[in-house]
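The chain below stands alone and is given in structure tokens; this is the form predicted alone.
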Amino acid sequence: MRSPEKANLTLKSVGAGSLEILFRVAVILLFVMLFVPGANPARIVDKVNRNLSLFTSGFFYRDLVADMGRLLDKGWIRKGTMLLVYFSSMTACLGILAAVAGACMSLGNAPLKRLGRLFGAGGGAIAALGMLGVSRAHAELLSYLDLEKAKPLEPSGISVVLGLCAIVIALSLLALALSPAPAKGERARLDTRMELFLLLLPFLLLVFLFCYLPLWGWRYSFYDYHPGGTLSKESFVGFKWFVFLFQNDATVRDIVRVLKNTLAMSGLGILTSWCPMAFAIFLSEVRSVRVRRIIQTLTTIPNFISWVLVYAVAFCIFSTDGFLSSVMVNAGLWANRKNLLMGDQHIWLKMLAWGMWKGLGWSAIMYIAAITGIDQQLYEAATVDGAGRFQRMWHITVPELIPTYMVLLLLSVAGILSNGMEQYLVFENASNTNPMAVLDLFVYKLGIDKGVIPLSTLVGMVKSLVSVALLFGANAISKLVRGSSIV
């Protein structure tokens, strides 16, 4: 039987572990509060942008006071009050980030856990101090603000953040009291799995912020929203825009035309998706390492050139006063100068050519990496059997690259509705706008140029849902045909 001391130690460890889980949850909620504009404690007056988060308020003073220049100049809102809000928000942000660091440290061994609990308690106390500063600024504002000049707000986020800070402090101190003291001389360290997880965590957060959090904007498709307005019960229209998408003949014609262009250009891209693999195979056969590196560098660089600069190059070559027209006219082959960027003839093939020029080298990198992983003994055995260079390429390199090609092909099928926007936006002009319009460009114009935010949101939402359905469909086909799936 275990001694009472060991049983008590085990109970303390279990209790400390449970408190740590609750502590991490509370810290995550605090971290989320940094980026939720609707719960921004620093918005103590209506002149603070409602889309401003606590993080922005704490690190960007110019954004915090962007809409109250006259109020500050006239002294209707004191600069000292807004500076107090700014520095208090910054203090709260730093405290929350310290608590986040403490939560990360709590994944380590006993000495690191102990340090993490101290960070958690200290970070929670600093964040609470910042919220008290914002509360003080709010009280000061109420004491002198003329209600005809600006409307003070009740920052309910202060109470939420203070409550979470209190929970973080209490849990940190309780876990610190319950956990046994670390062994003397033990160094703080993280398990390898946890190190890898923490290295991955920032990228997971970026994916969440830029890929999943924007899905909250889908709610605009259920409102009659206009830029600058707000979402309210009065503007809620349910499925009005869903019905409008199919009832309005002009919109239906536009959607059909845009889908035709999108599918045609994506289809051409899929039909030529083998080109990067072929390029990688032939490049790997170049015997001179120096020449191979030069070719790979020159073909990869265009991927890092923006489409605006690509169009500038195209304009210098193919416009009316461009290099090609000058050469052809001076050579007597053309009577007049021509602008080859105008007109809608073969526009899909032109866009395909520009896209391949820009992305061929970059797309080949994955195949080049796959080629380096092929067992060289296969080539040696084929050479002994009398196989030539092209036979080795066809019977060894190509079969070894087919799995990689199939995965990329299925991903291309899943993204068939996503052509991108920049290329078509910069190359578009009055003479080629109809065949140039793809779905992403159509959504951009619908929302930005025409201001029909709900309808553009709806079209983008449908595109995302169809893309997800295509991904799972392609995955099912892959599993059926190849016996392996990609997701």
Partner chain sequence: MRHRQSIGDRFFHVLNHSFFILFTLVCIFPFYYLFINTISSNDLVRKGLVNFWPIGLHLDNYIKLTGVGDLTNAFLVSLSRTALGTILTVAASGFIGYIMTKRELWRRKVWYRFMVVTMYFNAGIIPWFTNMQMLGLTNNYLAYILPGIVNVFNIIMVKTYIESIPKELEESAEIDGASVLLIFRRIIWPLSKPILATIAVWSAVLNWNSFVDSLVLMSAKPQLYTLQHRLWIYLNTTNNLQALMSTNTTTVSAAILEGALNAKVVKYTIAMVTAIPILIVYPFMQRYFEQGIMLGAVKG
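Numbering follows the first chain given and starts at 1. These figures come from a predicted structure and were not determined experimentally.
Omitted from view is the form predicted in complex with the partner chain, to which the following refers.
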>> Counting any heavy atom within 4.5 Å as contact, can you tell me which stretch out of 189 to 197, 174 to 182, 246 to 254, 95 to 103 lines the partner chain in the predicted bound form?
In response: 189 to 197
>> Going by heavy atom distances of 4.5 angstroms or less, which of I416, L360, V258, L145 would be at the interface with the partner chain in the predicted bound form?
In response: L360
> Of V289, V308, A335, A139, which one comes within 4.5 Å of the partner chain in the predicted bound form, counting heavy atoms only?
Replying inline: V308
>> Taking the partner chain as it sits in the predicted bound form, is I396 in contact with it (heavy atom to heavy atom, 4.5 Å or less)?
In response: no
> How about G343: is it within 4.5 Å of the partner chain in the predicted bound form, going by heavy atoms?
Replying inline: no
> Hey, in the predicted bound form, is M90 touching the partner chain, heavy atoms inside 4.5 Å?
Replying inline: no
> With the cut-off set at 4.5 Å between non-hydrogen atoms, does V327 touch the partner chain in the predicted bound form?
Replying inline: yes
>> At 4.5 Å, heavy atom to heavy atom, what parts of 289 to 310 sit next to the partner chain in the predicted bound form? List them in sequence order, or say none.
In response: R293, I295, Q296, T297, L298, T299, T300, I301, P302, F304, I305, S306, V308, L309
